[in-house]
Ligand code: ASP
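Shown here is one chain on its own, the form predicted alone, set out as structure tokens.
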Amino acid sequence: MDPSPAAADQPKPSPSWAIVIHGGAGGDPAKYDNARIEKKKLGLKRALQAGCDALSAGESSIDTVEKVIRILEDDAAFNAGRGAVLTDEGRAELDASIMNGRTLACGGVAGVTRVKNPISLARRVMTETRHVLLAGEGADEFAEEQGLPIVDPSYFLSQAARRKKAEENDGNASQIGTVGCVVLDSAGNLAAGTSTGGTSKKLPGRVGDSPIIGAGTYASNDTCAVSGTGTGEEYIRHSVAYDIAAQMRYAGQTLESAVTEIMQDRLEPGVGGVIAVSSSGAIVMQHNTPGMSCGAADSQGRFETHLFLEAGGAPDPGSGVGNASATVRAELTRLIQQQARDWNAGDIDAFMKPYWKSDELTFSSGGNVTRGFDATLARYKQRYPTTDAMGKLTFNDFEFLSLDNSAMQVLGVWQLDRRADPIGGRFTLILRRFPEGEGWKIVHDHTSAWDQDSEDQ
């Protein structure tokens, strides 16, 4: 049987380009006055439209990220560049970083005080030095050497005073905002950037996550591009931006499930938000604060901006048929990937632990059906008597469907690499959640090979 889906069931083509922006998390939009709401909305739309225009014209992801963040830095409605907040000593210290997903080249600056657009300086660190991060006076001096626009510190102070008054009026005196942009361009390259004025009333010299690659910013063409906003210390502790990419790379997670796991299970409520775009153009925006200024657009006509997202942008928690919660998806992904690790260690007994120890277990492969746990285990050991025969097993491209409150269907792709006769194909698992600590167990396993003339796993 041809394992490929019918043409009518094929997914819609991925967008040729996609862009997501944020203008910071932390404030409650319900407490903003109308003037502040309009300024933020206008600023988001202006920046997002500039990004769309650049990508439509064929500009690269890295150029677009820098261009969009410069616009946000020049807008006093956001806590970056011109709109930076002040330290305890009453001055602005700005941070930024940028990363090219095609090459993994990256650059960051921290604690700059005279640079009009820190994101452009971060890019110069990436392209014109052998370093990744410059800080303080040395970074300011490097900006002057590079001929970047330099401003008097009063450029930031006058705007910060106005921001402070507005924040005190709406009860948001603890500003944890940032600006960021993640992009997939029409050449398939990802990029990410983040810029911030820090958190209000911070100690002089404090550096958050925004200039730190892997914490507030990360991009790699094989997975995704990420920019964070929020309490930087927590993003550093949890390596948030890199962790999202790592979950996709090593655990087979979707972008949405990886972001959801971070926002719901790893970070405490009220910490911040994340924007991300995958290599296929999937877009995710989530926050666990009252609001997050953000927007998204792509080549298929999507264009939207928000000051907050319903349920913080989290997916439906999943109850009943059709929905699978992020927690369940993560749990089942870990279970299946552990099977691959056990297989690759040559331990078939450990590989079989998630299977239902019952005569009602069914295993279908190569047109043959084996019934019962013991018979399935014996069949595996007969077919794969040595570690050379077992080879290296990988699982990926997972899809999840809830059948009822305690049963899940998982579809995916398997590949067995070995010196002789490498094979691969699709699999379908039915898992049921059992009581009393037994957890999820595989009750039915069906595999098919790409080449139906050969017996599959």
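Residue indices: 1-based, along the sequence shown. None of these values were measured; they are calculated from a predicted model.
Although it is not shown, the form predicted in complex with the named molecule is what the next lines describe.
- Proximity of S97, N117 and S120 to the named molecule in the predicted bound form is absent: no residue of the three has a non-hydrogen atom within 4.5 angstroms.
- A heavy atom within 4.5 Å of the named molecule in the predicted bound form is found for one listed residue only; from R102, R302, R206, R249, this is R206.
- Out of the listed residues T199, T376, T333, S365, T199 is the one that sits within 4.5 Å of the named molecule in the predicted bound form by at least one heavy atom.
- The named molecule in the predicted bound form is not approached by N189, whose heavy atoms all lie more than 4.5 angstroms from it.
- At least one heavy atom of T231 is located within 4.5 Å of the named molecule in the predicted bound form.
- Under a 4.5 angstroms non-hydrogen atom cutoff, the named molecule in the predicted bound form has S210 among its neighbouring residues.
- Shown alone here, T178 lies within 4.5 Å of the named molecule in the predicted bound form, counting heavy atoms only.
- Contact with the named molecule in the predicted bound form, defined as any heavy atom within 4.5 Å, is confined among 223-231, 241-249, 120-128, 103-111 to 223-231.
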